[in-house]
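Quick setup: one chain, the form predicted on its own, written in structure tokens, and binding and motion questions come after.
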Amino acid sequence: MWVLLRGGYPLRILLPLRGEWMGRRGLPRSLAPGPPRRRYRKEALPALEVPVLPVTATEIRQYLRARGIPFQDGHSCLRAPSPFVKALPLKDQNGATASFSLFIDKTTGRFLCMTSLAEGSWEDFQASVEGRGDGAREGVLLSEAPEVEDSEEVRRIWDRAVPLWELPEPEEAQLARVMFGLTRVTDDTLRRFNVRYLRPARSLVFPWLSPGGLGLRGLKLLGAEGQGDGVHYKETTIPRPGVYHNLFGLPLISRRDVELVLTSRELDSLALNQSTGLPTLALPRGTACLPPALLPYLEQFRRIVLWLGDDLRSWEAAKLFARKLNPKRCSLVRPGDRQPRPLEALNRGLSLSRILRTALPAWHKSIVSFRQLREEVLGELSDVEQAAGIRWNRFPDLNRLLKGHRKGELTVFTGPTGSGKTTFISEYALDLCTQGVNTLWGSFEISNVRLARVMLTQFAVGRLEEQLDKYDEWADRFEDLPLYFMTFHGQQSIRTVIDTMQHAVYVYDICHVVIDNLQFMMGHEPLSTDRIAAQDYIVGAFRKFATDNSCHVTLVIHPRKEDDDKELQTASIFGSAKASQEADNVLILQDRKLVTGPGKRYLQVSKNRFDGDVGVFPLEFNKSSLTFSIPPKSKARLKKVKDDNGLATKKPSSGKKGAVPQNSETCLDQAHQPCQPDPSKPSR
């Protein structure tokens, strides 16, 4: 089935909605029309019966040659005549016939027709060429029209927004420029990019225009809020993030442009274009994702400079995107004090053209010298916190030991049967996902429905079955997370799983893959295969995948059968020592008694290759929210007593036998600080 793109951009790619829930679309209540509505739009990755990588670039070329279809080899796509439009006797600037309007992705085989704006899979293209299938002869089947409500809301907000220079009060315009850092951005630049200001929301409004610049498809609102000594920016998109795919600045691109600067923010594109005059585009999801469906719009450029930001996360994203765009034509601006993000460089009076001339080529041979790496080493030394990775919000004790979540690492996680491994690891991954870490879940032990229910409960920090009237609101927010699920269940082969992961990294820019668990892939191997050797092969495959794709892999492995009175150790991981040797981190969920409390769980970090810190910290399960990070209400009351009276006095015992007093070893308040021991009880 063919799909007509909205404004030439593909559908069904998600980006996280930043900021708190203010209304149905993150707007002030006065601009948010009506209550939240159900929407079901995200799809899981293909099941086993549908090949994840159905075609290679070689097979595509062979098919086109066999059918007598001329084609041109591009950077990331093949160009060919479109079967959906009649060949036109037009000439481009080079004198060639301008009929090669179909772009075929070399990695996935998906195509996009730039003239009819039709897209589909490789099988759809074959069906059209061979004259079979629905819509093959008639051409394109139109998708559903844009939602009337979205269209009306976009038009209403756009009509209420005004250019900054037309604000009736000059003080308001000057304040807006200061808040968004636009003091050196001219009115001509804002007019050229058609940027407006929405006074009720105090937000800049960036339009999503069709490639020809004729139709208004959506809006991005950027609000600024003071946060300490700095400014915090909050984005809201209309339509919702799942269908917003704007390459900001695309209508200003000419067919003759051969160089491009790619940024992660619209404000940076304004600064770059004004200062250098070069064509600039801003990605719709910043450093989070470069959807492959946008690659056809970047094919015409012979050189692309990626200047995505001023931190290590932006630098890692730039290197990842360059691999997708073809590294041989990409250059990267390395973050540094003298090379900040473009808008800051403009405000500091730096030469943006000079910074662009220092961009480093993304492609190099397999062997590099320290001279090529010394700036990256300096970056890690000068910003140790960012080099340590993304920190957990829910598990500060995990930050104390592991320091953060880093790309390219392998984490092995184990624990006794029934101890809550899946529940803990789902909250562990959800914490990172809410911070913009694109996550892929492979749950072979429980169904995706049950897993999603657990994660939604953890996300809402409460049982939604008791408040179904809030389900749509929480489900909408949960749906906007960059979270995807494999549709596998039960035993699967390692080759199929790795292919699915490879596909997800390319299409969705996945940064974290969770595999629960390894034993379900070992069962798919032939009975004659040595199980220890099979496990070593599987662990090695995940290790290689994490390194080659700069993607963190969390692998759940069941432990060996141990005596109930013994705690698990690194050697307790099932199989040979290869799993613990290959892993960068080893986490063990212990379900044993602590010194002062029965049945307590705690997490043990037994290996940490980053800096060697290991240790344990207690966990307490909250049954109402299915979390290990949110203390039960009794703990909140204990903390409140401590805050009010300066002491952590224990409430009178209920008289039940076996009640155990709290002390500094087991009583942790919400800030994970030890409470004062009860003075009425003797110390142990």
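One rule holds for the numbers: they count along the sequence shown, beginning at 1. A quick note: this is a predicted structure, and the numbers were derived from the prediction, not measured.
Below, we refer to the form predicted together with a small molecule, which is not included among the displayed structures.
In plain terms, the part of the chain that comes close to the small molecule in the predicted bound form, with a heavy atom within 4.5 Å, is 416-424 out of 311-319, 69-77, 259-267, 416-424.
Scanning R199, R323, R601, K607 against the small molecule in the predicted bound form with a 4.5 Å heavy atom cut-off leaves one residue, R601. Proximity to the small molecule in the predicted bound form, defined as a heavy atom within 4.5 Å, singles out one entry of R394, H558, K403, R192, which is H558. Contact between D584 and the small molecule in the predicted bound form is not found at the 4.5 Å heavy atom cutoff. None of the heavy atoms of D150 is located within 4.5 Å of the small molecule in the predicted bound form.
Using a 4.5 Å cutoff between non-hydrogen atoms, D472 does not count as a contact of the small molecule in the predicted bound form. Remark: L626 counts among the residues lining the small molecule in the predicted bound form, judged by a heavy atom distance of 4.5 Å or less.
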